[in-house]
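One chain follows as structure tokens, the form predicted alone.
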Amino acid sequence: MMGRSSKVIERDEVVVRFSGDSGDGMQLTGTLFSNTSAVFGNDISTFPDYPAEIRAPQGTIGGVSGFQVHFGHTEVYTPGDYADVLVAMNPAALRANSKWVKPGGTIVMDVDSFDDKHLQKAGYQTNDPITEDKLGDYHIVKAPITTLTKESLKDMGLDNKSILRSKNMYALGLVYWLFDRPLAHTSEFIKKKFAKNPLVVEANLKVLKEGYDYGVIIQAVTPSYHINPASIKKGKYRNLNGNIAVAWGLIAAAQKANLELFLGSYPITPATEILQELSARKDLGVKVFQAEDEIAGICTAIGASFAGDLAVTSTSGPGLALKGEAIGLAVIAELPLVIVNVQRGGPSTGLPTKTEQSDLMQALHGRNGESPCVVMAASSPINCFEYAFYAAKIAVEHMTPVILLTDGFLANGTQSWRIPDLADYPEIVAKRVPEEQKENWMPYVRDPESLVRSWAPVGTPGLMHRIGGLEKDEETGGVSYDAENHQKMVNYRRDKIKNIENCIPEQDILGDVDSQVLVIGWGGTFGHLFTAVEELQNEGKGVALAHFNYINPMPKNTHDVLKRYKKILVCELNMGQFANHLRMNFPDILYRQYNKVQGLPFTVLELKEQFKKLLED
């Protein structure tokens, strides 16, 4: 390959956003670029942003599909606020994203699609979008991507539709030149992906290479970027999103518990990928049932739990509402069950592909009666593995349903994941009926300390018993309407969950522990909150951060942490659900709130502004 342009921008980290119509292949393009950057040795974080419709109106703002990747020489915790490079395949993509490009950034445009018709569809008033969007100070690369793709493939015998489908590879080749990235990883992907269609393989490889070569031709007038690999711990890495991480964490837990894994579930955005991933793992003994609805999904999982499996159901917002009664059944039956809820914008079907911390109150209280269960939240795409594992551990060892909250941002976002050694994870030990107690065993007699009952899978000889939704006798498990017994059982179920605080880690404080200001977050906002705190600390402004993964019960030291700080700001992608949870549990503390409900994650910039205001207040 030819030498690089003399105009090379050295950076520690860079944000690139690919954007086009939902049929332009931007998700695949962004994923391949992310994978190549990860293989190159960069730390990465990604954020796919796409409409709910499979084929949204072409050329409109509503139909724009984007994929943002943040990669760098240093560790990165977010997909980045603003892009250094935007690839805009049509005017709508430019209009929707130009405000998210850093001043002086680079914008690659497929100029062939910037005709009068598409400019009007995107809402431009003139035929000069650069002036209209005030982009005069940006590096604009006007590449005729569609024309060059057509010219490249005109003699290959492909139909026009197939040729146009290849233009994303031309754009990808150009971006690979921009960042001096090798084509080898993507070439291997193309060969495997289209192995049954050699003509498609040849076409995609050809335009990928020619896109790169186009960069070489324009290098005299176009700056390129240089980002060194990150210094990361040695090991085997792969790119992983939150949904796959959840699926693999559950598989790991089943192995550690020596139980078969059962998933009863119904497809729903953005949780469906968990169902798909587990259904592909029959080789690891996973059993999957795609049910006719959400209620059937959870009820089959409860049945599997009664039969002795590690039972799981997955869903999202409105699906969790439908599962409410059955979660109550698992609470009163005291059976282990993991409910994975991948949150999205609500209420009702709301914003299926957009992120929101929408379901915390529903997870905590969305059932009839006194119905406590454990609620946990993952906080990064890759630690979805950890929290799926520990959700299963708590469910099995404490005979309780556990609701694990992730969200659309975590589910679809990816990070580099160092594949762990399973030997480093603890065993999961189910509370079985001791041999010496089998003769006189009663199903609801409890361990005096943990208040956990024994788990006798249905069909175990000599351990026949019934479960159901009616209140039970505190020992035999037979139906009981006795007033005092009901009070005891309510207390037992409450205290059993409360006792789990003895089995979870204490709450960590990050950042400037001695600051007077404490920022509080939970779940998928960790990356943005941590980065904002870290950047402020580098600017000499100390702020502490307490980010919660265990919501019910909360860590034992929570009140001690809260009362140490003069000012507390709770930041959430909802209208204040965790803040109200804290007020209910620790009413002596004053909480301020910063809330956002736009279907988008926080930006680091807006968080820093809020923290600075609090420091100056």
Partner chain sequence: MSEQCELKFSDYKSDLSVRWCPGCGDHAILNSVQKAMANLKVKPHDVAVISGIGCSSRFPYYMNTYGFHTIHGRAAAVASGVKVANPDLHVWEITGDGDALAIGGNHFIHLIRRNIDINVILFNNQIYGLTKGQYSPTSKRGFISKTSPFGTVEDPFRPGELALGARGQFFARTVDKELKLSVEVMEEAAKHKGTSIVEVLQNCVIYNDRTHEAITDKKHKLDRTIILKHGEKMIFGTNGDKGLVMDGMDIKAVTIGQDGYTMDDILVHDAQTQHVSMHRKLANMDYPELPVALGVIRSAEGLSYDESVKKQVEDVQEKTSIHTFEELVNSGDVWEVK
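Note that the structure is a prediction, hence the values are computed from the model and not measured. Numbering follows the first chain given and starts at 1.
Note that the form predicted together with its partner chain isn't included here; everything after this is about it.
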Which residue, Asn239, Ser166, Ser152, Thr353, has a heavy atom that falls within 4.5 Å of its partner chain in the predicted bound form?
Asn239
Can you work out which of Phe262, Phe114, Tyr124, Tyr214 has a heavy atom no more than 4.5 Å from its partner chain in the predicted bound form?
Phe262
Check, residue by residue, if Asp283, Pro457 and Ile467 all come within 4.5 Å of its partner chain in the predicted bound form, counting heavy atoms only.
yes
Is there a heavy atom of Lys234 no more than 4.5 Å from a heavy atom of its partner chain in the predicted bound form?
yes
Counting only non-hydrogen atoms and a 4.5 angstroms cut-off, does Phe385 reach its partner chain in the predicted bound form?
yes
Test of understanding: in the predicted bound form, would Glu325 fall inside 4.5 Å of its partner chain by heavy atoms?
yes
If we define contact as a non-hydrogen atom of the residue within 4.5 angstroms of the partner, is Ser416 a contact of its partner chain in the predicted bound form?
yes
Based on heavy atom distances of at most 4.5 Å to its partner chain in the predicted bound form, which listed stretch, 507-515, 106-114, 353-361, 248-256, is the contact stretch?
248-256
Would you mind checking 325-339 for residues with a heavy atom within 4.5 Å of its partner chain in the predicted bound form?
Glu325, Ala326, Leu329, Ala333, Leu335
